[in-house]
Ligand code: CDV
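There is one chain below, alone, in structure tokens, taken in the form predicted alone.
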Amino acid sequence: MSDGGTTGTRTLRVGAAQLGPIARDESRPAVVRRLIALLDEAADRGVELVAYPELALTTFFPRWYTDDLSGHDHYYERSMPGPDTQPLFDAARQRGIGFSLGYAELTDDGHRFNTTILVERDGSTVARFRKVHIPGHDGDEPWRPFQHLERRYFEESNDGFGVWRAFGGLVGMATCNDRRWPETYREMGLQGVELILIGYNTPIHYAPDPGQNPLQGFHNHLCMQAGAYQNGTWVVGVAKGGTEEGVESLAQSAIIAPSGQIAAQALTTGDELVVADCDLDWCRHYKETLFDFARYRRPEVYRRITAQKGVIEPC
């Protein structure tokens, strides 16, 4: 996809490796085989970077409450790669393809993060991103049709939104609820980001306000398209969709251009590879015109954005 101009010299073929449901009793090795199947398809189609969803190795376990916080620890990874995920790293290195992978991380000192790792084509680890905006609740709320206990099982990261030189460009990451916050994209936009990888698990039913349910797909694309356009960057949003353990989740994985247009989108709710050629040089068309930050931004009048958390209405 292009904007009508000449194709840039930095074109990266990217794949969004959408997953269908992962059952509660599905083993890590079985899931990794699914990931490798998508990776092999991607490599066969000339993809250089494949993005997997949030929590791509397990079912979405925060939907169940355990009395003991450690009750779900078997869903976490204590090392990356570990014994079960090493085959994915080996396959990627053999095929010369990079990837991003979302997983639950349990650190040596007992911290729990919703993490994404970025791995280059040579198998080297570029960076880890830990989710910043943790949604849901942290106490048992059995009245819900299913729970969303992310705030119980994951900590908010204070690492912020990094951007790294990789894959011939400037790459950033975010996770699920991070995509709904404009600050996510602008933090990376101020570092010149050209490609943002976002994995998500989004249930279609939203218990606090079911009136939003019919709008989930619209809101999903709206926030990513706005973030792409307003920061002149490609955005890859990749889902774990379908009905998992009785919970229907949004699919609609998409690769979005710096213009805000959807370049490619999933057609199913299951395991599916979505591919687009991302011209990283196209980002300049927006970074150097409408969104020339150095020329047009007015940070001196944006002070509330970082100085204030909640809403303060005028007197």
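The model shown is predicted, which means the values in this text are computed figures rather than measured ones. Numbering starts at 1 and runs along the sequence shown.
The form predicted together with the named molecule exists for this protein as well; it is not shown, and the discussion that follows is about that form.
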task = Given that the partner is absent here, state which listed stretch (231 to 239, 118 to 126, 173 to 181, 190 to 198) has heavy atoms within 4.5 Å of the named molecule in the model of the complex.
result = 173 to 181
key: Contact label in the model of the complex: T202 to the named molecule, heavy atom within 4.5 Å   = yes
key: 4.5 angstroms heavy atom contact with the named molecule in the model of the complex for F60   = yes
ask   = Closest heavy atom of R130 to the named molecule in the model of the complex, within 4.5 Å or not?
value = no
task = Answer with yes or no whether R112 is in contact with the named molecule in the model of the complex, where contact means some heavy atom within 4.5 Å.
result = no
query = With the named molecule left out of view, which of H72, R186, H148, R152 would have a heavy atom within 4.5 Å of it in the model of the complex?
reply = H148
task = Would you kindly say which of G217, P81, G168, P135 lies with a heavy atom within 4.5 Å of the named molecule in the model of the complex?
result = P135
query = Counting only heavy atoms, which residues in 20 to 59 are within 4.5 Å of the named molecule in the model of the complex?
reply = E54
